[in-house]
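The chain below stands alone, shown as structure tokens; this is the form predicted alone.
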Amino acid sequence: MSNVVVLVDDLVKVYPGNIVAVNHLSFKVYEGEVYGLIGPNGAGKTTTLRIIATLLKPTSGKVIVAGYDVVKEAEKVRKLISYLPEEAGAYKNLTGLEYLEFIAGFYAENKRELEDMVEEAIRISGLGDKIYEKISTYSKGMKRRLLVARTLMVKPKLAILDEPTSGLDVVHAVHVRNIIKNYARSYGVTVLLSSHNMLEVEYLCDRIGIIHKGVLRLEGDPKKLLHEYNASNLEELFSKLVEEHAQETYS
């Protein structure tokens, strides 16, 4: 078995007002795989990713990234990950190139490494000459491509992507999905992503965890799960799981 990059063990997150966002969640993500957390809005996906990214502290349970505890060793974890929030922004008054150079400056140890990172980001963004234009002129799809490239150019141990194609049209969404898939395959970058677009996850992910109301309902290889549950797609599978849970709750 490959090395475990992410270990989530009995994770609980309760917000003020006794709102349970994550409810005793456990799963593992292995080196080099694309793992998808899927479920509807409010399922606990973003909260889980923010805890893994060291931005939120859990109420209880533990999360280990590449051997480091996200609470006790947060600084070490941050050096190994790259995180793309759903609502990430970029500096509008910079050109795409200037923005990439600015971000690469936080990671690169010398000028050559910085140039290599930026060159890689330009390639995977697919923005061509638009990279020299101000970000304020970019469409949402162009901006998202730039941000995905920024996240992956540093070749992190773990890339955490929250709704990577949120709000994009089909053309931009397909481009971003292909970037993620190719990058994971080419460089062995481990990818943990969340999405409520289950068809997207079916295309991208080696394994999935289906979350509903903060609880992991099902986990495994998407194709095997579809076969096991006699479902034509993940949306149908998810609906069956929700119905089963409702029956269990009220029986």
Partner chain sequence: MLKRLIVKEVKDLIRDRKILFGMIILPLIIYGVMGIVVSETTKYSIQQVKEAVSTGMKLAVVDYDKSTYSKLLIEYLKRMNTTIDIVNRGNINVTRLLASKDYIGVLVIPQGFSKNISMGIQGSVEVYVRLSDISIASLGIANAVIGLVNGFAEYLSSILISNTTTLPPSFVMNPIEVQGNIIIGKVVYSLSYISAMYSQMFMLPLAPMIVMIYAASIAATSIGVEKEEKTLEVLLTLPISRKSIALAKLTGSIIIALAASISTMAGFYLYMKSITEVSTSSQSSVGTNVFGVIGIGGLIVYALTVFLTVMVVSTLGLYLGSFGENVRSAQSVVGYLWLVVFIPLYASMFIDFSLTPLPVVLAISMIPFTSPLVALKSFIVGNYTYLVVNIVATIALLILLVFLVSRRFEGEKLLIGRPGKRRGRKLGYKFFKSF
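Just so we're on the same page, rigid core means the largest C-alpha set that superposes within 1.5 Å between forms. Positions refer to the first chain, counted from 1. If you're wondering where the values come from, they're calculated on a predicted model, not measured in any experiment.
Absent from the display: the form predicted together with its partner chain. The rest refers to it.
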- line: None of Lys181, Arg123, Lys155, Lys79 but one has a heavy atom within 4.5 Å of its partner chain in the predicted complex; the exception is Lys79
field: Contacting member of Lys213, Lys57, Lys62, Arg185, with respect to its partner chain in the predicted complex [4.5 Å, heavy atom]
entry: Lys57
message: Given that its partner chain is not shown alongside this chain, does Leu37 nevertheless sit within 4.5 Å of it in the predicted complex, heavy atom to heavy atom?
response: no
message: Within 4.5 Å, heavy atoms only: does Tyr229 come near its partner chain in the predicted complex?
response: no
query: Within a 4.5 Å heavy atom cut-off, is Asn110 in contact with its partner chain in the predicted complex?
result: no
query: Taking heavy atoms only, is Val174 within 4.5 angstroms of its partner chain in the predicted complex?
result: no
- prompt: What residues, if any, in 97 to 123 have a non-hydrogen atom within 4.5 angstroms of its partner chain in the predicted complex?
  reply: Glu98, Tyr99, Glu101, Phe102, Ile103, Gly105, Phe106, Tyr107
Rigid-core frame, C-alpha of Val71, shift of 2 angstroms or more between this form and the one not shown: no
